[in-house]
Each structure stands twice: as C-alpha cells, then as structure tokens.
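Just one chain is shown here, as structure tokens, and it is the form predicted alone.
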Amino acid sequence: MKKDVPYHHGARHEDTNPLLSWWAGGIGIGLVLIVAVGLVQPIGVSAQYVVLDGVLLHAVLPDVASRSPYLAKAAQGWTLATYEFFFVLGIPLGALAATVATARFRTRVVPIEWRRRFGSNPGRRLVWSFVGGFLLLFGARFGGGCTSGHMISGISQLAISSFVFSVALFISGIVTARVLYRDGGSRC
C-alpha cells in the first residue's frame, strides 16, 4: 500500500519503511549463505559479469576470447548455464517479484534526493549511474570480490582480506556521503 508522508520542506514522498526489520534480513542472508555453501559454494556476484562478457565475446569472436587467459578461466566452458549465473539473475528478478507482490513497484529515473541536489536531468543521472557502476565493478574485480563475496562469504570464513575490504568500503561510503551530502541532507 502506498503511503505518502510529508517532510520538512512541505513536499511529499513515498513511505520507505522496510517490510522486514534489519535482523530478519540478516538472518535471511545468513540462511541463503548456509544453503549456498552446503550445496555448491560461497556466494559472490561480480565474477558473473566477467563470465557474461566472456560468453558473449566467445560467441562473436571465439579466437579473441580463447586467447584471454582471464576470460577462459572465468567463463569455464563458455556457458551461462551455471548455478552462479542463475543466482545472479535471480537477484533482480527476485527484487522485481518482491516489489510487485508488495505493491511497492515504482519507476523513477531520477530519485527525489538526486533531483533535489543535482537537478532533474535524466541523462545526467544515467551517466553518473553508469560511471558509479563501472567504478564499483572495476573495483570489485580488481579487489578480487564484491560486497557479497567479501562481506558475506569472506567474513563468514574469517578472511582477513574481507575484513580489510569491509572497513575500506565503509570508510569510502562515509567519505562519499559526506562529500555528496555536505549539508547532512534530508531523509527523503
């Protein structure tokens, strides 16, 4: 059910109260991790983008793809029919199903907070979203894992690199938020 709540500037926004509390979400992620480790392997997401790139390149230019040791290792068998790829595909599909089932599905190219701070130009928002996504994925591959691989799987295995990654992630997130939202922002 959509609920509008006024905030201090007199504008209105949608209710963003979570359907699950933070601890229920944490327990859910923990259970998914236990099942994944028990059945297949620890979870991770960022490597599947490399696998997708490798499979697509192998379909178009197989000689070029085969000469890349990185792609050949990542896209073993040059197929997307793997547990990992379907796990990653399930993330956006599961999110879509959850938003539709809870009647919270909304389409918005320019979120309210972005519009308030940087304007309503959708092209600018999409360009910066692409740049941010590219940097995030580049960093994940450069660092040998993403937030799910390091912060969920890695920390549960007590990997030192995952603890270092998590501290660095939180520090960079705090610094980025302080730079982008210098005035403290509102909780829209």
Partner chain sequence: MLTLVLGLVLGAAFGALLKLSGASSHTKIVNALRLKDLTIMKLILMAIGVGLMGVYLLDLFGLANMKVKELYLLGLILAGVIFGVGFALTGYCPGTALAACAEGKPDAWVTVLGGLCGALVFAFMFPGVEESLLTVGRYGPVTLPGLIGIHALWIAVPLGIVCIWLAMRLPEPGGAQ
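Please read these numbers as outputs of a predicted model, since none were measured by experiment. Residue numbers count along the first chain shown, from 1.
What comes next is about the form predicted together with the partner chain, which does not appear here.
Consider Asn121 of the chain shown here, and say whether it contacts the partner chain in the model of the complex, taking contact as heavy atoms within 4.5 Å. No, Asn121 stays farther than 4.5 Å from the partner chain in the model of the complex.
Going by a heavy atom distance of 4.5 Å, is Gly94 a contact of the partner chain in the model of the complex? Heavy-atom contact with the partner chain at 4.5 Å: present for Gly94.
Determine whether any heavy atom of Ala59 comes within 4.5 Å of a heavy atom of the partner chain in the model of the complex, and answer yes or no. Close contact is absent here: in the model of the complex, Ala59 is far from the partner chain, nothing within 4.5 Å, heavy atoms only.
Would you please decide whether Thr102 lies within 4.5 angstroms of the partner chain in the model of the complex, comparing each non-hydrogen atom pair? Contact with the partner chain, yes.
What residues, if any, in 121-150 have a non-hydrogen atom within 4.5 angstroms of the partner chain in the model of the complex? Read in sequence order, the residues that approach the partner chain (within 4.5 Å, in the model of the complex) are Arg125, Leu126, Trp128, Ser129, Phe130, Val131, Gly132, Gly133, Phe134, Leu135, Leu136, Leu137, Phe138, Gly139, Ala140, Arg141, Phe142, Gly143, Gly144, Gly145, Cys146, Thr147, Ser148, Gly149, His150.
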